[in-house]
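What follows is one chain in structure tokens, specifically the form predicted alone.
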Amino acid sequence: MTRSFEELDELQWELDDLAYHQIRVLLLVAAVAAEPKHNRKLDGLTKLAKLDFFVRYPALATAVLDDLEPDERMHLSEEDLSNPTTVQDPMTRYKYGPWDDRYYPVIGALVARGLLKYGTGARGSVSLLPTPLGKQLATELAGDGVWHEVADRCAAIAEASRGMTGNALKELIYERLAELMDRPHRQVIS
């Protein structure tokens, strides 16, 4: 089977896009697992989606998580503050708040590569933990100029959300960002 240049280009773009999302999710899980008040794991996909929402919409994170307002690790520009929903990777509004359908292949790829492992979460849910290899890679990426800001945001968000469940985060998002969440399901949050 021969593929056209356009098909190969599209395939490469999709691979690059998945790699980007895998790195961000690995950094987030590693940051949350490093916080003792998260029980050294990221508990449940709802919590992953809500914390990832804050990483992807950093100016909105400061509106929801009180401890982030003065945190320089968020690396917020004037543009971020004036247009908080204009982001590189928007999410969609789903039944329980912001969501991205790529989480399943992203998590599967990270587990298959030995960077994350599944654990038992609260009330029987799935939790995610970085493996030693995943921790090592996350540490290396945090020192890389390309990923430094994302790693900083993940650490700040993990710290500001200590002790909060995915459901508590969802309720805060709905309470403090009511206008953004008052839209039909499957609509891009922008």
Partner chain sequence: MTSRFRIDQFRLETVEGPVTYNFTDDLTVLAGDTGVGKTTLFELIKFALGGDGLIAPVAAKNVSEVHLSIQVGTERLQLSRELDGDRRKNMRVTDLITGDVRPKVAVSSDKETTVSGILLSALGLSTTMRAAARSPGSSRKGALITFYDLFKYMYVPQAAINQDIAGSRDTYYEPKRKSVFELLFGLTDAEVLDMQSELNDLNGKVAEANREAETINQFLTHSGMKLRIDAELALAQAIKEEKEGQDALIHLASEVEEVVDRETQVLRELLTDSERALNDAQELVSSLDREEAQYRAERHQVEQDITRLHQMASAGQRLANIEFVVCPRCTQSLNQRQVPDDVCRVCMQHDSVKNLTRGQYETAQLVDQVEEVDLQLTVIAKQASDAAEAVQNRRNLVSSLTAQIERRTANRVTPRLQAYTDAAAKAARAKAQQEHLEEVLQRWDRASDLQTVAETLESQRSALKTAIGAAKSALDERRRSVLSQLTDEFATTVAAFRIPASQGATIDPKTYLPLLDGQPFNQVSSAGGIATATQVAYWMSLVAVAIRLNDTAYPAFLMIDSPRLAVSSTEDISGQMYSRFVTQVGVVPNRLQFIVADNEMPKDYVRRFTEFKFSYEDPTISTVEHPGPADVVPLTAESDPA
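Fair warning: this is a prediction, and the values are worked out from it, not measured in the lab. Positions refer to the first chain, counted from 1.
One more form of this protein should be noted, the form predicted together with its partner chain, which is absent from this view; the next part is about it.
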> With the partner removed from view, which of 157-165, 41-49, 62-70, 22-30 is the stretch that lies within 4.5 Å of its partner chain in the predicted complex, judged by heavy atom distances?
Replying inline: 22-30
>> Check V87 for me: does it contact its partner chain in the predicted complex (non-hydrogen atoms, 4.5 angstroms)?
In response: yes
> R3: heavy atom within 4.5 Å of its partner chain in the predicted complex?
Replying inline: yes
> Is there a non-hydrogen atom of A178 within 4.5 angstroms of a non-hydrogen atom of its partner chain in the predicted complex?
Replying inline: no
>> R113 versus its partner chain, in the predicted complex: is there a non-hydrogen atom within 4.5 Å?
In response: yes
> If you look in the predicted complex, which residues in 157-184 sit within 4.5 Å of its partner chain (heavy atoms)?
Replying inline: none
